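Only one chain comes next, encoded as C-alpha cells, the form predicted alone.
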C-alpha cells in the first residue's frame, strides 16, 4: 500500500496545490479555479513545443524532480530524517546548478534567490531533525512516529518549522522565489514543454515534503497530525493573503533572528 502512496505522491501534491488555490480564492471572495486546475495546466504544457538550451540544463531539471520524488518516498518509508534533509538539499542544488548553467540574467537571479532560500530554511530543518533525535533517540521516522509529546517538548521548533513553510511553498511574505514581476520565471525561465512539466510537478512534491515534517510532530496520533497540517495550511494562506513580499535579505534576517533563535533555545531546553 505504501508504494501506491509513493507512486501517487505527485498527484496528491497537485490536489493540495489545487485546493490551496481554491482556498485563496475564497478568502478573496473570488470563484477561483477548480481543484483540478493544476492537472489541466499539466496537459496544456504537454502540448507546448519543447525547446532545450543544452542537454545538461534539461537533465538537471529532470534529476531535480526525481531526487525530490525519491526524498518523498524516503519519508513515506520511514527512513533516516537527517539523510532525507540532505537528499532534499541535493535536489535543490541540482535546480540551482540548472539556473546557473544557462546564459540568462533572470535564470541567474532566480538561482541566487533559490540559494538564499536554501540558506534560510536548511538550518531549521536540520535542527528539527536533531530535536526529534533528542526526544526519540533515533533519526528514523518509523521510530519517531511511534513516540509522542513532541508538541509539548518542541513547541519552539514547531513554530520555527511553521515559519519556513511559506518559503518552501513560495507564499508571502517569503515568496521571493516566485516574484514574477522581478525575476520573471527565475530558474524556470529557460524550460519549456515536457521539461518545464517536471519542474511544475516538483512544486507538488514540495508540498508533500514540508507538510510531512508538520505531520511528524503529532507522533503516533494521525488525527492530530492531520489537524496540524490543516492548521498550518490555513495559517500560511491567511498570512499569504494579508502580507506583502519582503526583500530577499530581509527574509534571511527574519528567519535567522526569529526561527533559528527559537530552534536553538528549544534544543538547549531539551538538552538541559
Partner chain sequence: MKFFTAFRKKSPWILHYNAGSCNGCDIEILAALGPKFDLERFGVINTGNPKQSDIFLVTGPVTYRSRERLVELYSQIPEPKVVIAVGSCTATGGVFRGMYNVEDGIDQYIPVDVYVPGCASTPQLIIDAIVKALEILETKSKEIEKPFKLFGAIAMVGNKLSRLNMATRVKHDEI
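Positions refer to the first chain, counted from 1. In this text, all values refer to a predicted model and were calculated from it rather than measured experimentally.
Note that the form predicted together with its partner chain isn't included here; everything after this is about it.
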Checklist entry - in the model of the complex, which of the stretches 83-91, 121-129, 196-204, 161-169 has residues with heavy atoms within 4.5 Å of its partner chain? => result 196-204
Item to check | Full three-residue contact with its partner chain in the model of the complex, heavy atom 4.5 Å, for 108, 240 and 245 | outcome: no
Checklist entry - Would residue 56 sit within 4.5 Å of its partner chain in the model of the complex, counting heavy atoms only? => result no
Checklist entry - Taking heavy atoms only, is residue 37 within 4.5 angstroms of its partner chain in the model of the complex? => result yes
Item to check | its partner chain contact at residue 51 in the model of the complex, heavy atom, 4.5 Å | outcome: yes
Item to check | Heavy atom of residue 191 within 4.5 Å of its partner chain in the model of the complex | outcome: yes
Next on the checklist: Only counting heavy atoms and a 4.5 Å limit, does any residue of 237-272 reach its partner chain in the model of the complex, and if so which ones?
Outcome noted: none
